[in-house]
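Both blocks below hold the same protein chain, though in two forms, and each is given as structure tokens: structure 1 and structure 2.
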Structure 1
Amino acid sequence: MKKSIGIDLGTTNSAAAIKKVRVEVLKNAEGELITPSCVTVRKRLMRKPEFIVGRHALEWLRQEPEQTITAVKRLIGRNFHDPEVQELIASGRFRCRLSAHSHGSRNSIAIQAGGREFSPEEISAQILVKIKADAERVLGDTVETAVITVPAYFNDKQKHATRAAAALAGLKVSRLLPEPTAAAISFGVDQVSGDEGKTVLVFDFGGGTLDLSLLAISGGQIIEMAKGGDMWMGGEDIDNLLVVHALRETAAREGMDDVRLRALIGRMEPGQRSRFLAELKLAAEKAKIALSDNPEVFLAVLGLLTDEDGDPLNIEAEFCREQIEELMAPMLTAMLKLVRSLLAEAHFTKDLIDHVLLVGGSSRIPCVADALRQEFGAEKVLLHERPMLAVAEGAAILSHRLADTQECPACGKETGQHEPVCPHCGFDLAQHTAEQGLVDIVHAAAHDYFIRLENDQRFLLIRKNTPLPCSSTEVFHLVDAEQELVHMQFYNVVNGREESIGDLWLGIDHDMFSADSKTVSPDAPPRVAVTLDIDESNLVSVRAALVGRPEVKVAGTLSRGKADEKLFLLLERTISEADQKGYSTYTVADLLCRARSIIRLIQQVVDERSGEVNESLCQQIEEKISKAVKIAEAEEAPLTRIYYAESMLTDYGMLIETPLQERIRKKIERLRKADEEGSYEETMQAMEELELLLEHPGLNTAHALTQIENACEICHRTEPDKAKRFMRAAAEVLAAAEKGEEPCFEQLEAIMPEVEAVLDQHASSTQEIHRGIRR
């Protein structure tokens, strides 16, 4: 039976659990319940790099800090230029090199390790690969699906990236569950029955972050009311306090000042120094953890540091509880301030909180729980028995509920999730489920979701706190009746700042508007129906389709900082430059035709599920875009010429001798092929050949008729009388030609200057390239 597990993919540590009759945290290959979220990439000659994950990677951190990635969760789904990422780089916390991804948009992050570039998703995927493999080892079965937890503050991009990491690791995600909700489930508070609603504050104090969430729980629903905390306050900062203190004590004992001791460390050879600092930090963490259960501990790093004379200088310090409490006092004050401001923000007072739930490794420090007991009253503060495993346990409980099958708690055999009684032993499964409490968890949309309209107006598609899943479909008008491109931009507003969720492009081929389409009148701008869906995990997907033309549609392909976004940006830039330069009608028509096919290709660049990028397609598209720019700059229009020649053959082929028709077809084919695959020069060469052939005297009548028809099309709305005159003339010429008579050249001569004037004016006019939508 394939297994479903729960995974806490933490910043510092990860863990996996499964619920059978009880919840069981799964041991990894090292025999531990917790796997450090640490990945070392080792380069191998002529082979793919090797990944070392968990405890062993932590050991490599001392020797190869540049190849070892910790806290990748801080990077996932973020942009390289995000202030948080820049801060992370500046702080030196990240020892491996980070840069903007060479294949992704300017904004995506590349982690350089083991001589290659990795996306944060790829590194996260390696942690999940180990967790999955280790779980399979202890369960003796394949693990197919998982509930994976994410911080409550993760936005759509971060959640999508987490899902992509899972896909790369071969895991199906049945739900992305917010960590505080998972913690609350593991405390059992979800079993609160109907009327007695509860309000709980989840206080998750981990290795690098303090995450606060205010949840309202009643009748099987958990609603998140507010969240807060500090992205940069965690166990690691406490380790640093201990390091500073130990150095100070050592200096005092040796009778030197701090500055001299720091200078000695600064003078160490870089490799040696980073090893020393890593050892010191590990020793500090060890001391800190020991201090949670012992009144006194001893910290020592021996034999790595020497003084100016080369004599060993050992770092040694003694700590007691009071000392760590003194060191942490400012942090505890800041922590309580964060708690109070969260309550104030949500218009809550302390007495309205029923429970404060403490999870995360750092909540084991006695003074942390003490401070909260003082604030809320001892009886309200619940410290989880296994604070570092709580989130994984909650995820396992939900994973079990979401699975299609379950193990019967009585006989252990596989039964359907919704069977009322076990088909094997008759156990009352329905009763058991009811006793277990909650059936599902309802979340609400985390933000307001907007789409951008012309002139930068915002339009609200989904309001914050709408229960999930939810969906909204709205119809918008295109700005122009003949608009061929639609660029839709979706975004949230977070803390007053617009945060892009992604863009969607739609290309409309007006030739596809067949005559039998009754729903669309050619004069009214087409309308586009945009649907935004948010699933149970708060993940967004969008669809767009032309009203009455369901075949023109795009689905789901929101660009999110990957290679496709980069290409779309390039396309957008090309089009706005063309707009500024004001190319003539036929050049613009040619460019738009290219843009439509480029859009279709860009939509295939990123695998929607795994986020993998088709590199060679990317390159092809970049080449196509630069060719399009070159053609437009030369004010050429090969595709428009093909269109002209083809419509002449279709409409007036009977006036052209068959061998000549054949020759034209061949030239068209050649031009099409050169345009598709060849260089700019080859395309121009093929176009010249077609042009030359189109000057053949045997085409005079067909040309004239095609031109009249085109002129009619141009002026039928603005000058209907002229258009009618043109039509009549064309009909007579055609009738004569079909009878085999000489066409009446006088009539043509009388009308052609007017026709040419219409065409010339059209050709030389410039055309704005519309992309917007309006209500």
Structure 2
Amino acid sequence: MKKSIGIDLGTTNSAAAIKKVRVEVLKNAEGELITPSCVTVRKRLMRKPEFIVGRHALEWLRQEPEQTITAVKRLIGRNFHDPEVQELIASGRFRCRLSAHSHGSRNSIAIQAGGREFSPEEISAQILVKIKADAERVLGDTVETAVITVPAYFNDKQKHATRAAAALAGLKVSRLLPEPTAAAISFGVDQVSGDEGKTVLVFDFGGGTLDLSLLAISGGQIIEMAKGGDMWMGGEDIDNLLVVHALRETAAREGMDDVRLRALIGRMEPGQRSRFLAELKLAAEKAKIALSDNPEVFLAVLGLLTDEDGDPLNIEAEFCREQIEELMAPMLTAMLKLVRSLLAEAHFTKDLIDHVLLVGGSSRIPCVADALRQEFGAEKVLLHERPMLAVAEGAAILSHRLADTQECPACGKETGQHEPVCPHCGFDLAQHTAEQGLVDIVHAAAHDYFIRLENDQRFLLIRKNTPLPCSSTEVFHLVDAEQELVHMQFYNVVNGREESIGDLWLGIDHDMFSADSKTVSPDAPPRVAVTLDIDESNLVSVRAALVGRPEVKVAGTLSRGKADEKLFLLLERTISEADQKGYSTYTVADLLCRARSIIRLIQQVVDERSGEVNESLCQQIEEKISKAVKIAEAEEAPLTRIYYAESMLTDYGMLIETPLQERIRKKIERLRKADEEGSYEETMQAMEELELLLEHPGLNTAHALTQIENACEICHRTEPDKAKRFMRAAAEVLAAAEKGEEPCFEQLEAIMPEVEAVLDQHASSTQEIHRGIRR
């Protein structure tokens, strides 16, 4: 039977667990309950790179630090230009080189290792591959699905990237579970039974993040009432405090200032510097862990750093608990501020909290628990018995609950998940689940969700802490009734700062509007209904549709910094440049038609489940955008020319001899094929051939009538009397032609100068490309 497990995918360490009759944390291939979240990428000649994960990768950290990746969770769903990422690079704490991804936008990030670039999702996937393989070895069966935990304060891009990492690892994600909620599940199953109700503040202080969740636990139900925290506050930052202090201590002992010491480190060969910083980081982490159980520890990194004369400069420092408490004082103040802000946001006071549950490896630091005891009272603060395993245990319990089948606690045989009574032995499964297991979780939105409108206005779609799943639909006006593109930008607000969660582009083909549509007035300006959905995993999806135009289907997926967003930004730049250059109406019409087609292609570039990029399609789209730029700069409009020729054949084909019609159709198809598949030069050649044929004398009357019809459309709203006069003249000429009479050329000659003036003025006018929305 295929298994479902719970996975704590941590910044520093990861773990997996499964619930059968009881919860079991699964040992890895090294016989340990915890797997370091560490990946070494080894380059292999003419072959795919080799990945070493876990304990063995930590050993490679000393030998190949620049190829070994730790704390990748801090980068997942992030972008290269984030201030925190730039600070991480500047401090030298991340040994591998970071850059924007070559196939992504500036909102992407890539890790350079093993001679290649990897997304954080790809590296995280390798950790999950090992966890999955180790679990399958222990269980003797295939692991197909998992509940994977994420920080409660992860934004949509980070959660989406985590799901993509799981897909790359061959795992189906049944739920992304906030880590504090997972810890509360583990705690609640043991501590809260029956209808007893508790309000629990979970304080999850791990390797990379501080997560806070205010939960109500009662009768097997957990309700998320509020979330908070800091995604850049964790054990990694404490390690850095110890590193900085150790360097200062060494500099003071050697009679030099910090600047000189850091200059010595900066002059080291890149490989030596990376190895030195890796050793220093490992020594600091080891000292931090030891300080939880010992009053004093000693940190030393010997023989790797030298002074200007080449003499050894050993890094040595002694720490006591008082010193680390002093170093952590600003961090502890920030933690308490976040806790108080969370309670105020939820309209709670400290006396309403029954328990403060501490989980995560960094919560074992004595001064952390002491600060919370002073804030809430010693009797309320509980350190989870298994702080490093609680999250994996909670994930396993939920994974068991979400699975299709379960094992009967009485007879051990497989039964349906929702069977009230075991069909094999008659055991009361429903009562057992209510008394001993998890019945339900009511999740809540982690952040406020906004959409950006025209003139840089913001509109709140979903408020933070709204119960999940939830959906919000709002109707917006297009900036211009005739606009053919809509660009929508969506944001989270995290600790008062906007963070993009992706853009959505839509193309609107007004020619697709059904003439017999009865749902709206023909003259009613189009409106777009935008729906934002958030599921139980806090994952966002967006839908959009034109109000009252069900025959016009518009939909898309959010871009999240990958190749699709890079292409969208390239398209946006092309359109913005067209606005600045003031192209003619027909050139803009041609560009808009190309943009709609390109948007549909871009939405197919990234696999929504795994995040994998279709490189071939990317290249095709880049070529199409480049071609669109060249055509616009040349002030040409091949697609408009195709539309004109097809309209003439459709409306006035009866005036054109059949052989000539066939020649025109062949030229149209040649131009269409050249435009879709050929180069810019091939397209221009095919367009010239069509234009030359359209000068055939046998098309004079059809030409004139098509031009009159176009002029009518232009004058319809602004000069209706002129439009009626044009249409009467065209009707008389057409009626005569249909009767087999000679066309009244005098009448055409009288009206055509006025028609041509209208068309010339329209062709020479410029057009702004609107793509915004407003309330």
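Each residue is numbered by where it sits in the sequence of structure 1, with counting from 1. Just so it is clear, the model here is predicted, and its values are computed rather than measured. So that the term is clear: the rigid core is the largest set of C-alpha atoms that superpose within 1.5 Å between two forms.
Each structure shows the same chain on its own, and structure 1 is the form predicted together with ligand ADP.
With the core superposed, Thr250 shows a C-alpha displacement of at least 2 Å between the two structures. Relative to the superposed rigid core, His81 undergoes a CA displacement smaller than 2 Å between the two structures.
After superposing the rigid core, the C-alpha of Gly229 moves by 2 Å or more between the two structures. Relative to the superposed core, Gly208 moves its CA by 4.7 Å between the two structures. On a core-based overlay, Ile315 has a Cα shift of 9.0 Å between the two structures.
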